[in-house]
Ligand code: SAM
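Below, in structure tokens: the form predicted alone, a single chain.
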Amino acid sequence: MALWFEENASPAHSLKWKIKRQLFSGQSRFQHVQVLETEQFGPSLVLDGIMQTTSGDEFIYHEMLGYVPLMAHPEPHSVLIIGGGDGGLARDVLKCPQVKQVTLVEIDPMVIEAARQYLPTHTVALDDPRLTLVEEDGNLFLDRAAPGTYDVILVDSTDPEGTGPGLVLYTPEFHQKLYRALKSDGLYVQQTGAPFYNPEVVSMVTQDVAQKFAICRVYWCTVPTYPGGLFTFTAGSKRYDPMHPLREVEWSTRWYTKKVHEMAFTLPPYLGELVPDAVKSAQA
């Protein structure tokens, strides 16, 4: 009999993956952590019953979250990643030759341990000498960060649901801490979810970011793993417009190109309705 993992995208819609076997299951201090070997997408990380990343399509999410801000900043030497304990984002960020130092702050050591063992294509850069791995709450880490420390901050978190550890990363207080930790020309990006199922997330974040940062932008891509396929990111920048890449990538990619970068900021009318007028008009 076939085994299936099912995730509820809404009360009226669910997603299912055919599973070969469960590779890992454990309860950390923060969440339930699983690694499932799916038939379609290979080893996949599940947190509190929500599919987070799969070996089969993770490159889309990680390249778009990482390379859009890195290519829009002229000198992204110092990068902070909050979340991302699976290592996929750090791997791609460290391919950028302008990046000299990465600090990855992950709240849950079990995520890192499980990824190292069962998601080896994600974690190849976790021992890179340019990377500092900190096992701590990213929100508390920012409390101690010196003002103007980072060129780019990337928030690779779980969705703001229930009482999970990602909830605080979508608050105005957290965005203020991000602003403080960035250099005078710094920028940040965080994932703002699947708008067909959680439209309030991108609306809530963009309303706040547009008030705090000189430039607020929304961009999107399609990720088969995530509900509805359509997935959004919100960027806040003090100086450089994230819509405009400053250079081409100098290494092999599987999704990101300069042209894809530019097109990702074209908002379908449905998405435009969810963001402030200033953001919508700038991206029209």
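It should be emphasised that the depicted structure is a prediction, and the values quoted were computed from it without experimental measurement. We number the residues from 1 along the sequence you see.
A second form of this protein, the form predicted in complex with ligand SAM, is not displayed here; the remarks below concern that form.
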Since the chain is shown here on its own, which stretch among 152-160, 90-98, 67-75, 205-213 would lie within 4.5 Å of ligand SAM in the model of the complex, judged by heavy atoms?
152-160
Decide if the three candidate residues Y61, E106 and G138 all line ligand SAM in the model of the complex, where lining means a heavy atom within 4.5 Å.
yes
Checked L142, V111, V189, L182 for heavy atoms within 4.5 Å of ligand SAM in the model of the complex; positive is V111
Going by a heavy atom distance of 4.5 Å, is P165 a contact of ligand SAM in the model of the complex?
yes
Mark L80 yes when one of its heavy atoms lies within 4.5 Å of a heavy atom of ligand SAM in the model of the complex, and no otherwise.
no
Non-hydrogen atom contact L45 with ligand SAM in the model of the complex at 4.5 angstroms:
yes
Can Q52 be called a contact residue for ligand SAM in the model of the complex at 4.5 Å between heavy atoms?
yes
If you look in the model of the complex, which residues in 69-103 sit within 4.5 Å of ligand SAM (heavy atoms)?
I82, G83, G84, G85, D86
